[in-house]
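Next up: just one chain, as structure tokens, the form predicted alone.
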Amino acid sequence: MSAAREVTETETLSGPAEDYLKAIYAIGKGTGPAATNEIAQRLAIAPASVSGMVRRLADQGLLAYERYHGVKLTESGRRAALRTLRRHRVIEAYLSQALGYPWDRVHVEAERLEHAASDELVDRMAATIGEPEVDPHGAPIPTREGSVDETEYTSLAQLDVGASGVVVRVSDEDPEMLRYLAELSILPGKKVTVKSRAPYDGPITLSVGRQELSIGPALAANVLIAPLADRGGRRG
């Protein structure tokens, strides 16, 4: 059997291939495996459609594939995934900071543009807005060299009663949810304190600034928090 051919960094991957690598990165949190069903669910496609692309990406040296055990990104695949993530998140930040797009609209626009924008264009966008470290939703932006902050944070749903933290990141894929969070002022950089938690998956009562409000656990699970004692000065 011939060895897999590794894709060089100057080669252009197709949009679907980049979407697969980005999805596998997200599922495996950078280095872990991703099962076929997980990839299909994240990309909203049939599981049977995943196998062919997985084989092609493995043949290109981008994935380590073992039947029944999921796939992992190779080092080459990880670099390719991070290049796509950098384009996506820089575009989001540029749309927000330079063009005034609201945070609930930038994800869809970045999904359209991330495969077409060159790395040079993205670098110029980043330089224009001051080399941001995070996108409008708090997700870390990979550097040009391919390094990225992969710190794992607890969700607001898991924060103990009486504990306080700072919102560092929110899920960016549901525009309606983002608009609702903005109405509640649950935004990156905001301090929140859990006041009480109703039993049986009942509402969680929070203080956010001077206001007190209640949200459901499902919404709280989409908000990542840095407990104040562990924040270590990281920008939120």
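The first residue of the sequence shown is number 1, and the count goes up from there. Predicted, not measured: the structure shown is a model, and the values here were computed from it.
Not on display, but discussed next: the form predicted together with the DNA.
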Looking at 188-196, 25-33, 202-210, 47-55, which lies within 4.5 angstroms of the DNA in the predicted bound form, counting heavy atoms?
47-55
Quick check: do Ser14, Tyr20 and Arg67 each get a heavy atom within 4.5 Å of the DNA in the predicted bound form?
yes
May I ask you to state whether Asn37 is within 4.5 Å of the DNA in the predicted bound form, using heavy atom distances?
yes
